[in-house]
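The form predicted alone is given below as one chain in structure tokens.
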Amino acid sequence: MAARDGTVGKALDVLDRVAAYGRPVRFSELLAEGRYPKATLYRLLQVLTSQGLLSHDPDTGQYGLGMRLVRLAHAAWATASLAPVARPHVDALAARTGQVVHLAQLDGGQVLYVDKVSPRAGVEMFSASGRIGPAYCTGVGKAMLAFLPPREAEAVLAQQSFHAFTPATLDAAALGADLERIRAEGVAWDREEHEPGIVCVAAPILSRGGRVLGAVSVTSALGRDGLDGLAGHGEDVRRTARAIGEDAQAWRFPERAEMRIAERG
């Protein structure tokens, strides 16, 4: 991205790398990654700091995410994510099932968790609102992948690492067969493919035209309810996904912007 998008791409790449540390980071740590020369990295950090996207502590010399990002994140959550329109449905599904419910959207080749509701003391798991995860081995990721147009699906699949997180993680060939099954059944399963002991059933959220808007899932642990217990929630998850899709249709979602652009073109 950095080379193709010039200075803006490089700056955003540095911003992503600071965020990936999950803590304040020193200039020397970023420089040690070897992606940019010292002068270039310093200039990019200065630009990001002057724009409020990064903060700099002169006492420790560390860089962290800036408060401007908090404002932008709140605006994005309210206007570009499914979370506001989906929240009543997510809350209701969590209350009916007594399980953790996730709402996710695709962010490039990754899954972005935009909401999570835990109706009871939950099992520790990777997902949390604002976190990203792999598409090829999560229930929500596979649910979205299965219903993407072929060309878009090919592009997203090309970005997957197919790292084996657990012995159950599918490789590319097995994933292809699983996506066919998901298209036929309308639900996706995560059978401990991303985290040991964590299972889920997920369904895609589609527009009336069939465009993938996101996915919703019910997640549990093998020791608590297991796959058999989740199987009874499959139809509820599908109904919830359809209801969110219907509400999103009447909401100011990016699909409408795309239609306006096409009409002007």
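C-alpha atoms forming the largest set that superposes within 1.5 Å between two forms make up the rigid core. Computed from a prediction, not measured in an experiment: that's the story for all the values here. Start at 1 and count along the sequence shown; that's the residue number.
Beyond what is shown, the protein has a form predicted in complex with the DNA; the following relates to that form.
*Asks:* Of the listed stretches (193 to 201, 41 to 49, 234 to 242, 214 to 222), which one has a non-hydrogen atom within 4.5 Å of the DNA in the model of the complex?
*Replies:* Going by heavy atoms within 4.5 Å, the stretch is 41 to 49.
*Asks:* Can any non-hydrogen atom of residue 37 be found within 4.5 angstroms of the DNA in the model of the complex?
*Replies:* Yes.
*Asks:* Does the 4.5 Å heavy atom contact test between residue 26 and the DNA in the model of the complex come out positive?
*Replies:* Because a heavy atom of residue 26 falls inside 4.5 Å of the DNA in the model of the complex, the answer is yes.
*Asks:* Using a rigid core superposition, assess whether residue 40 undergoes a CA shift of 2 Å or more between this form and the one not shown.
*Replies:* Where the cores coincide, residue 40 still shows a C-alpha shift between this form and the one not shown that is 2 Å or more.
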